[in-house]
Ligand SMILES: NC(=O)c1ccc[n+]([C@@H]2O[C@H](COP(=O)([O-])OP(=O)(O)OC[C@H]3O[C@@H](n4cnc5c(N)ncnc54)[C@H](O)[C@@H]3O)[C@@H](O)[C@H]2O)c1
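This document opens with one chain alone, in structure tokens, the form predicted on its own.
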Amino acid sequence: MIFQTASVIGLGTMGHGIAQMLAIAGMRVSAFDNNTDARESLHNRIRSNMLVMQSLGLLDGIDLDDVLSRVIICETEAEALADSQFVTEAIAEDLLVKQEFFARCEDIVSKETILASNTSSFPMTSIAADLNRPERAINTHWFNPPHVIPVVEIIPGERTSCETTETVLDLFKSIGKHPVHIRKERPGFVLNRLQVALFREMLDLIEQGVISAADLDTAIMGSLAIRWAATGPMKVGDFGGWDVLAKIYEVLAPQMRSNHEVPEVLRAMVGRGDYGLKTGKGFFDFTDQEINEITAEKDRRFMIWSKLFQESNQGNSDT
């Protein structure tokens, strides 16, 4: 199926990047957000993203104004949904809000329209519980920033059809993403589960005074991150030998944090209102002047690594 029209509802942290990717792929994207500022700033945010990407050689042959002309800012949700072949929502992370949104969609879109959620929390089985056509509903979990990170988790619900799943996998390949088919619904899907497992141990080590946050970042960036980015953690295991790793696992696993409590170092930091970049202080301090510079540099580095990933995985797929 060739998609010509799409809708993006919710234009905050994730939505504008999703709209950008669909428009770059040639689709006419109808976009809506209840927040006026989010709507009015949409084109400027996409323009800013694309200028950085062009400077790094990531959008060769892509005309910026042509892409922006395909992103239509709508004044109502219904207007944005009309005539859409693919709807994706990036609205509030609230189950009831998402259920009500997709119920409204069914009153507007065609029977063939695919309904996708960018949720990072809720299974599509729950979101689509009361839909008349749950077979066309699916989770498509992008990662921030969505216009940069190559991988998207594709998670069908219990009643999502195989046809819908295959169609969405093909769609994401066609727009230059690397879709990963998650075959069973689990809370947090896959990558968020792995991230939480790592954070649990990292925060515990910091809390015990084993290592500082700065040294931990250096350690990961200069070792595991390089190895995993180059080959993937499971191949690293193959290279190291699972017999050796099984013995290491047996020795270390009982010594590692395994409870469900939020580490005290994190609880105290949140209690003080030290949330990180958004408040100017987390494990590190950020001045107002630094915030924009740090964010831009972070995205630039993401783009460089993304380009390397795309080049090394050209044509490879295992879905």
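Sequential numbering from 1, following the sequence displayed. None of the values given here were measured: they were computed from a predicted structure.
The discussion below concerns the form predicted together with the named molecule, not included here.
Undergrad: The named molecule in the predicted bound form: within 4.5 Å of a heavy atom of each of G10, T13 and D33?
TA: Every residue of the spot touches the named molecule in the predicted bound form.
Undergrad: Look up in the predicted bound form whether A92 has a non-hydrogen atom within 4.5 angstroms of the named molecule, and give yes or no.
TA: Yes.
Undergrad: Report yes if any heavy atom of F86 sits within 4.5 Å of a heavy atom of the named molecule in the predicted bound form; otherwise report no.
TA: Flag for F86 set to no.
Undergrad: Using heavy atoms and a 4.5 Å limit, would one call H178 a contact residue for the named molecule in the predicted bound form?
TA: Taking the distances in the predicted bound form, the answer for H178 is no, it never comes within 4.5 Å of the named molecule.
Undergrad: Considering only heavy atoms, tell me if T167 and the named molecule come within 4.5 Å of each other in the predicted bound form.
TA: No, T167 stays farther than 4.5 Å from the named molecule in the predicted bound form.
Undergrad: Note which of T119, T125, Q99, T113 lies within 4.5 Å of the named molecule in the predicted bound form, where distance is taken over heavy atoms; exactly one does.
TA: Partner contact (heavy atom, 4.5 Å) among the options: T119.
Undergrad: Where, among 251-259, 268-276, 53-61, 34-42, do residues come within 4.5 Å of the named molecule in the predicted bound form by heavy atom distance?
TA: Of the options given, it is 34-42.
Undergrad: Taking only heavy atoms into account, state which residues of 120-151 are within 4.5 Å of the named molecule in the predicted bound form, ordered by sequence.
TA: Going through 120-151 in order - heavy atoms within 4.5 Å of the named molecule in the predicted bound form - the hits are S120, H141, W142, N144.
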